[in-house]
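One chain is shown next in C-alpha cells, namely the form predicted alone.
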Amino acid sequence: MNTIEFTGVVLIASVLAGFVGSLTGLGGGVIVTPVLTLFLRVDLRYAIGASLISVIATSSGAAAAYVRDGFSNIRIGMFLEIATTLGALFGAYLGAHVPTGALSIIFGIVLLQAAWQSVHEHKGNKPALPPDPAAERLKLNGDYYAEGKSEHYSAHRIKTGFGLMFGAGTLSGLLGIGSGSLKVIAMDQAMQLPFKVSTATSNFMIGVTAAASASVYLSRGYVNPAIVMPVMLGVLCGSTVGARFLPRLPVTVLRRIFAVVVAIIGFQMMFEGIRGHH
C-alpha cells in the first residue's frame, strides 16, 4: 500500500470514527486505533498517539455544537476533568512501561465493555435519590431542552462520579481512547444525569483528558504527523456531522451495529495481544 492509499483508508476510517464517536459519546479512538493496528499494521504506540489527537478532534467538533444546543453541562465537565486529567497523566506514564501485548488485551476488554454500553437500554426507572449537598454547593444542577421544553435535572453521588472519572482518565492515557463509555456510565448511572446530557458532556470532557495524555506521547516521539493529519481531519469532519444528527436521530440501530463491530474488533485485539504480534 502506497502513501496515498494509506492516507485515504485512514481518512475514511477516521470520518466514520468521528461520526459514531460523537453520536455515542464514546470517542473515536475505539475505531481509529484498531483500524491502524489490525488492518494497517501501525505500531500500537503510534496508533495510540494518533488516536489521542483524534479524540481531541472529536471533542472539538462535537462539543461546540452540544454547548450551543444546551446539552453539555460545563460546570460538571470542568469539575470532573480534575479527576480525569490526573488519571490520564497516570495512565500515560503506565503506557510507556506496559508491554504492547498486554495493552492489546486490555484494549480488547475495554472495547467489549464499550460494546455492552452501546446497546444497554437507559430506562427512566432509576431510584430517586436525595439532593447531593456537594452538587448544590458547586452549582452542578442544570437544565436542557427536550421535546421543545426545558427539563431540570440534579446531579447525585458526586464523590462516586469523581472516583470513576479518575479510572476513566487512567484508561484514556493508557490506551489512547476517550474512555467515553466509562464517563457516560459515571454520569448516567452513578450521578443520574439525563443520557443526552451525559453523552454531550462526555464529548466535551474527552478532549481535555486526551490532551493531557497526548502531551506525554508527543514528548516520547509517538506522534507521527503522517498518521495524525488524516486521522485528525477525518475525525473532525465526522464528529461535526454527527453532532448535527444527535438531537433528532434515533440511535438504537446505530448502537447495535456499532456494538457488533466494536465487539469483533475487541476480540481481535485480545487475540493479537495473546499471540504477541504487537
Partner chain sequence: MRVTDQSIEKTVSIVLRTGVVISGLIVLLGGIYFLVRHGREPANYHVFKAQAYAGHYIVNILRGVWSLQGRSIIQLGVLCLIATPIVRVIVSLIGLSLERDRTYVLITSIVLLILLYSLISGAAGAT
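Residue numbers count along the first chain shown, from 1. Predicted model, so just to flag it, every value in this text is computed and none were measured. Definition used throughout: the rigid core is the maximal C-alpha set that superposes within 1.5 Å between two forms.
Unshown form predicted in complex with its partner chain; subsequent notes refer to it.
Colleague: L86, I105, I185, L112: which sits within 4.5 Å of its partner chain in the predicted complex by any heavy atom?
Modeller: By the 4.5 Å criterion, the partner-contacting residue is L86.
Colleague: Every residue in T24, H97 and A263 with a non-hydrogen atom within 4.5 Å of its partner chain in the predicted complex?
Modeller: No, the whole trio is out of contact, none within 4.5 Å by any heavy atom.
Colleague: Using 4.5 Å between non-hydrogen atoms, is L129 touching its partner chain in the predicted complex?
Modeller: L129: no contact with its partner chain in the predicted complex.
Colleague: Does R75 reach its partner chain in the predicted complex if we count a contact as any heavy atom within 4.5 Å?
Modeller: Yes, R75 is a contact residue.
Colleague: Determine whether any heavy atom of V42 comes within 4.5 Å of a heavy atom of its partner chain in the predicted complex, and answer yes or no.
Modeller: Flag for V42 set to yes.
Colleague: Find out whether any non-hydrogen atom of G161 is located within 4.5 angstroms of its partner chain in the predicted complex, and reply yes or no.
Modeller: Judged by the heavy-atom cut-off of 4.5 Å, G161 is well away from its partner chain in the predicted complex.
Colleague: Taking its partner chain in the predicted complex, which residues of 191-211 have any heavy atom within 4.5 Å of it?
Modeller: Read in sequence order, the residues that approach its partner chain (within 4.5 Å, in the predicted complex) are F204, G207, V208, T209, A210, A211.
Colleague: After the core is overlaid between this form and the one not shown, has the C-alpha of A190 moved by 2 angstroms or more?
Modeller: Moves: no, less than 2 Å.
Colleague: With both forms fit on the core, has G77 moved 2 Å or more by CA between this form and the one not shown?
Modeller: It does not, since the G77 C-alpha is displaced less than 2 Å between this form and the one not shown after the core fit.
Colleague: Has the Cα of A88 moved 2 Å or more between this form and the one not shown, judged after a core fit?
Modeller: Yes; that C-alpha moves by at least 2 Å between this form and the one not shown.
Colleague: If the CA atoms of F107 and M187 move by 3 Å or more in the predicted complex, do they move toward each other or away, so closer or farther than here?
Modeller: Result: closer.
Colleague: Which is it in the predicted complex for the CA atoms of Q192 and F107, closer or farther than here, knowing they shift by 3 Å or more?
Modeller: Pair moves closer in the predicted complex.
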